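The same protein chain appears twice below, in two forms, each given on its own as structure tokens and labelled structure 1 and structure 2.
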Structure 1
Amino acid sequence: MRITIARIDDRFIHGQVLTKWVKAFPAERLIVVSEEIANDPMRKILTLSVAPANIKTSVVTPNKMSKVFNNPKYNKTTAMLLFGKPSEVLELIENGIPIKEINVGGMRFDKDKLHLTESVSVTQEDIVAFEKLHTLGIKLELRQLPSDTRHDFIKILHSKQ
């Protein structure tokens, strides 16, 4: 499997993904990698229902994604991976999935989160995962749309701590 982009956005499949990101990073398959969504039948159905008809879409746990990634059946498949949180990206990388760069697009605000930008707020668990990703040499960029200027996510994180 070839990953066209790995993106963290807790809205998963939405207008910006469908109109901008899919065009900038074409893929045959959208894969939502989320323990929470994969294990909630109603949320899984809702997530799959907003996917475009012309792109195969799956919702899987990080564990399942780690198992199927190297399946020869998917050798020539291109995929856009969509995550809700950095810990699930970290799990894939620790299981040998070759993700070198992560786009951070949106992580909604909550009262218990550190507000980094207009569109990104993080928990302490998120911070730990992002720091570990950075230590592993994974490039972390903040960008809402493909046409936006890339910003170094870890610099933004460090400036707010």
Structure 2
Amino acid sequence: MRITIARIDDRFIHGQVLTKWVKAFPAERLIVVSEEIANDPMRKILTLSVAPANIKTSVVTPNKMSKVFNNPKYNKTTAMLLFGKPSEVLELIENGIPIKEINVGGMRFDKDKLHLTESVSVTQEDIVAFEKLHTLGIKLELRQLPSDTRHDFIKILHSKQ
């Protein structure tokens, strides 16, 4: 499987935003990787019901994603991966999936979260995962839309701590 882009956005499939990423990084499949949603039949069907019409969409757990990635059947398949949190990207990378760059799009604000930018807030667990990704040499970019300027996510994270 060839990953066109890996994006973190906890709104997952979210209207025009996702449509634009799919246009900018064309792929045959859109895969939502989330333990939480894959195990919740209601959220799974609702997520699939808002998927763009022109792309095959699936919702899988990180564990299943790791198996699928190595299935020779998908050798030539291109896919966009959509995550809700960095720890699940880390899980894939630790399973040997070659993700070199992560686009950080949206992580909603909540009390007890560290507010980084208008669109991104992180928990302590997220920070640990991001630091680990950074240590592994994964490039982390903050960008809401493909047409926006790229920002170095780790720099912003370090400046706010």
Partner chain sequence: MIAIIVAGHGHIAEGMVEAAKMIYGGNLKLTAITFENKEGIEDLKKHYYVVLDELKPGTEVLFLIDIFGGSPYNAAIQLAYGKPNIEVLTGVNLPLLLEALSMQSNPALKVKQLAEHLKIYSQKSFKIFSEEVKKTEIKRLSQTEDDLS
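Note that the rigid core is defined as the largest set of C-alphas that superpose within 1.5 Å between two forms. Along the sequence of structure 1, residues get numbers from 1 upward. None of these values were measured; they are calculated from a predicted model. Only residues modelled in both forms are compared.
- Of the two copies shown, the first one, structure 1, is the form predicted alone.
- In the core-superposed comparison between the two structures, the C-alpha atom of Q16 has shifted by at least 2 angstroms.
- Core-superposed comparison between the two structures: one run of at least three consecutive shared residues with Cα shifts of 2 Å or more is located, at 16 to 19.
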